[in-house]
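The form predicted alone is given below as one chain in structure tokens.
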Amino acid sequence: MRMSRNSPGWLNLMYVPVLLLFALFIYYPFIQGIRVSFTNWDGFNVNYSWVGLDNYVRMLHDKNIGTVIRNTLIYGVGSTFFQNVIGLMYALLLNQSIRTRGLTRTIIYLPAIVSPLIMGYIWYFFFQFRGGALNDIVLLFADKPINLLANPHANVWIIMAVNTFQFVGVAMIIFLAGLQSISKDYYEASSIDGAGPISKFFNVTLPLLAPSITINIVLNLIGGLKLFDVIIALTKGGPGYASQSLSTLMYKTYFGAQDAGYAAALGNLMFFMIAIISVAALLFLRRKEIQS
């Protein structure tokens, strides 16, 4: 028989500090951002005017917004795909009884504890046009160096690859936790039924990893869609708008163009885009978990 105990009402006061912090650092800035998006505030002057939906109309007619949204989706969806595929491969390999697996796990996870800005600069010194490690190798076989970071067809994918490299270890750890929670009884039962390694993976491992897949995909989507530091370190969003994301364009608009109203509108677009995509992915994957 389960006994229940009613907590004293004064314990609810313990929530108050947390709620105040949320109100101060989350809710208030969010509401202010929505309010500022309806003004022409420059971010510094005390004087500003209400402009209604002008900033949102301007966004619809901005010739660069399509490129920026495409880049944002590449950073989010692309990083999510590769982090999960590579992370799962690492997890499957390092879940086996092999030597130095603890050291290998540590090495793969290590980049995740480095600041994304520092990680971006590390790879910048590798890819930079003059004196970069990559071009030192290229010049051994060619007459001219290559400038991949200034190539609008390559720099977006380089940024996505750097983000994947840094955080694939996080995906690996989550998958490892999921793999180690799967009972060996399932594999023994499938072996009795004559299942091979591939059949076991698709019919046992993958369905039971569904919660880990959900966590990884949602976290990776949120992180990739708001990517900022690596872009600033590698290309600063250039050349032009070729590698800008919504976060870097918002930063450039606020501090570079001193157009806080339009920057706030971009921030609201980024928030709702991340919210819609991540919530949709979460609901879809949760439904798949139930079905499996």
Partner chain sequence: MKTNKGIAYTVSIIITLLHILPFYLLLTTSLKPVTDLSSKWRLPTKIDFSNFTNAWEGANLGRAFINNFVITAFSLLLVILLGSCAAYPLSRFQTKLNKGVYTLIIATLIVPPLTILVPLYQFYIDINGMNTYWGVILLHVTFSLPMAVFLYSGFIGTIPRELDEASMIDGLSRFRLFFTIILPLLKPITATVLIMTGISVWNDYQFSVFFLQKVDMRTITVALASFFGPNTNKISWVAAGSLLAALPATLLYLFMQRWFISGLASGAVKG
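Residue numbers count along the first chain shown, from 1. Take the two forms, find the largest set of C-alpha atoms that superpose within 1.5 Å, and that set is the rigid core. Treat the numbers as computed from the prediction; the structure is a model and nothing was measured.
The next section is about a form of this same protein that is not shown, the form predicted in complex with its partner chain.
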Only one of 71-79, 152-160, 171-179, 199-207 has residues with a heavy atom within 4.5 Å of its partner chain in the model of the complex, and that stretch is 171-179
Consider Leu283 of the chain shown here, and say whether it contacts its partner chain in the model of the complex, taking contact as heavy atoms within 4.5 Å.
no
With heavy atoms only and a cut-off of 4.5 Å, decide whether Ala263 touches its partner chain in the model of the complex.
yes
Answer with yes or no whether Phe38 is in contact with its partner chain in the model of the complex, where contact means some heavy atom within 4.5 Å.
no
Decide whether Gly52 counts as a contact residue for its partner chain in the model of the complex under a heavy atom distance cut-off of 4.5 Å.
no
Where, within 92-113, is there a heavy atom within 4.5 Å of its partner chain in the model of the complex? Residue list please.
Leu93, Leu94, Gln96, Ser97, Ile98, Arg99, Thr100, Thr104, Thr106, Ile107, Ile108, Tyr109, Leu110, Pro111, Ala112, Ile113
Core-superposed comparison between this form and the one not shown, Ile276 Cα displacement 2 Å or beyond
no
